[in-house]
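Next up: just one chain, as structure tokens, the form predicted on its own.
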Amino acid sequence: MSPPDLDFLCALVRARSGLVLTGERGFFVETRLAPLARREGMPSVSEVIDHIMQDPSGPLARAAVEAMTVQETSFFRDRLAFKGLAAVTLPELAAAKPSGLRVWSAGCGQGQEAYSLAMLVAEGSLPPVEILATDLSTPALEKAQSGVYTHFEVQRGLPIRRLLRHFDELEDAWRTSAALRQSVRWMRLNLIDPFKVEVGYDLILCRNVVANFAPDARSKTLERLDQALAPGGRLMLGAEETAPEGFEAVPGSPCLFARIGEVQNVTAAA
């Protein structure tokens, strides 16, 4: 793959997804696009890029951009953050809105985060909770909707009691229970495009997503998340991500933020 080919692809990925590729870009691109080349019957990644150059708005370009998105995740990733959700955040939000909560997992990858939320809801004494999970990657969403995970994937973050309660064992894998699958609504959505989702979410998780965005894409995405958040709502980011302008940390709740002036216990304002 030539330097011009690499530059072209990196520019395409940034324009379409907001993602900035850094570090060993050539190795990363080769690794991510090699399966796509094999699927399309092309002898090399360079040929994939040549075809994209001829049709930068076509399905191959979309597949290449989706292949660049980071899908690394696990169940209950950042355990302290999920512990805070279960013990404090969800009960407080539920007390303030007993009619039901709306939660959005933005950049849900292969579904582990959304299913982790669904498990917390199933295990807690909470009012109805609507969970929306969105991602740019169609293959990731297809896997998430299937609810099927390998032995290795379920071992990452799932204690045995949760595995046995919420999963059904298959011949060589595990599948989330029907109840868990039915509790999540899945949708393809590009976070750098104008959102086509309803507003008024009580909790939005967008973790380890915008850290690698270009600055303009990051600020626009966080602004749109703010617009989608209900009054008194909470925004959870990744451990290495900082609060957007107009937000401050919620004391005692790792990675959780609220609009300035809304940090007080939401039950006090209910």
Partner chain sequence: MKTCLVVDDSRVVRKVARRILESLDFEIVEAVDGADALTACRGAMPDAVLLDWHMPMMDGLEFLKRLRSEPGGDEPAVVFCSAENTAERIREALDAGADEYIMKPFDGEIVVAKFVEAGLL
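Just so you know, these numbers come straight off a predicted model, no measurement behind them. Numbering follows the first chain given and starts at 1.
One more form of this protein should be noted, the form predicted together with the partner chain, which is absent from this view; the next part is about it.
Only one segment in the set 156-164, 120-128, 106-114, 193-201 has any non-hydrogen atom within 4.5 angstroms of the partner chain in the predicted complex, and it is 156-164. Looking at F82, you'd find every heavy atom of it more than 4.5 angstroms from the partner chain in the predicted complex.
By the criterion of a heavy atom within 4.5 Å, W174 is counted among the residues contacting the partner chain in the predicted complex. Contact annotation: E169 falls within 4.5 Å of the partner chain in the predicted complex, judged by heavy atom distances.
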